[in-house]
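What follows is a single chain, given as structure tokens, in the form predicted alone.
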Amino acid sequence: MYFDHNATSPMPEVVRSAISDAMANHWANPSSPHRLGQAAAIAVQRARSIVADRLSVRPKDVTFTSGATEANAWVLGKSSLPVLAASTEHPSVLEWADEVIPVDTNGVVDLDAIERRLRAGPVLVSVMAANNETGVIQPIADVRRLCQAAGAPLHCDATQWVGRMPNAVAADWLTVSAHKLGGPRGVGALIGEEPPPEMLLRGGSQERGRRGGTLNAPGIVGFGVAVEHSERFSSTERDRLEGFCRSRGAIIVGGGADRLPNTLCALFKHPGDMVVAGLDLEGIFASTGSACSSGSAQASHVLDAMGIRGVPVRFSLGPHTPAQPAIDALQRVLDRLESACA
């Protein structure tokens, strides 16, 4: 059973079929003027409209990229303003941050700190919609009001939000990635009425002159179909798993804040990497945090920013993931670890 959807979500058959069909029938260059090229361009435009509809924007506000990391780098790396980012942002955002905003022990950004910094001078503010490690949802509407009052642009990494939450997020720029919601890797989008001040890639007029390079039509088609078929998540199974974790003495990271309905980050008495390894032997695939950092020896910067020590276990469920297999396996793993430490 797979409990690592926040790292990447498995591709459903409807998406695989759409990509296969696009590779067979829409292989031509979408910029070509002949029928084959225009058929590919129409397929791309349909996907653009689907993404735009889900995010409550106009199709022309959607610029396709290779993923959220590229889109983040485009907005933040080419900004002429200092970048003010939440301390729990994804590494692809923190890489460009000039200053960081503190968070509380639940991982919620300090709105007063943002307001004070906005009074001090112009900045570009970057706050994610929901955290990939803890699932904690940030008060983006409040952050946006502060930014609008100060005339400051707002960037929001919505990678974990799209496909998990029913409503759209409003910001000057949103970044999203296909593979977090069952689409292909290597496809994402930057959402915004205005592009960043500079082109991302020069050398072509694709994407209304914003990003040069031949469009990945099959991948973009798969992105659109994944968005179209993404389902609303319920917290029921996550809550069942969380109840069991609490019964075994686990601390729920961000447990006092609003969280994504599919995400549970728990600190057990035993190191998370040992628990994850034990679960793996049981056929339950969870993680210790972000897939971008869990392979390193470094502690989670997210937990560190929250003032929490330890290696957690992150369970991130799909829309139909049952909790019981994880509960049964986790009980056996924890029992073995406790017996070994007795």
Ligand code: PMP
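Because the structure is a prediction, the values reported are computed rather than measured. Start at 1 with the first residue shown and count on from there.
We do not show the form predicted together with the ligand, though everything after this point is about it.
**Request:** Tell me whether Gly67, His90 and Thr159, taken together, all sit within 4.5 Å of the ligand in the predicted complex, counting heavy atoms only.
**Result:** Judged in the predicted complex, Gly67, His90 and Thr159 all sit within 4.5 Å of the ligand.
**Asked** Can you say which of 128-136, 113-121, 228-236, 250-258 gets within 4.5 Å of the ligand in the predicted complex, counting heavy atoms only?
**Response** Residues of 128-136 come within 4.5 Å of the partner.
**Message:** Taking any heavy atom pair closer than or equal to 4.5 Å as contact, tell me whether His270 reaches the ligand in the predicted complex.
**Reply:** No, His270 stays farther than 4.5 Å from the ligand in the predicted complex.
**Asked** Might Ser177 be said to contact the ligand in the predicted complex, defining contact as any heavy atom within 4.5 Å?
**Response** Contact check for Ser177: yes, within 4.5 Å of the ligand in the predicted complex.
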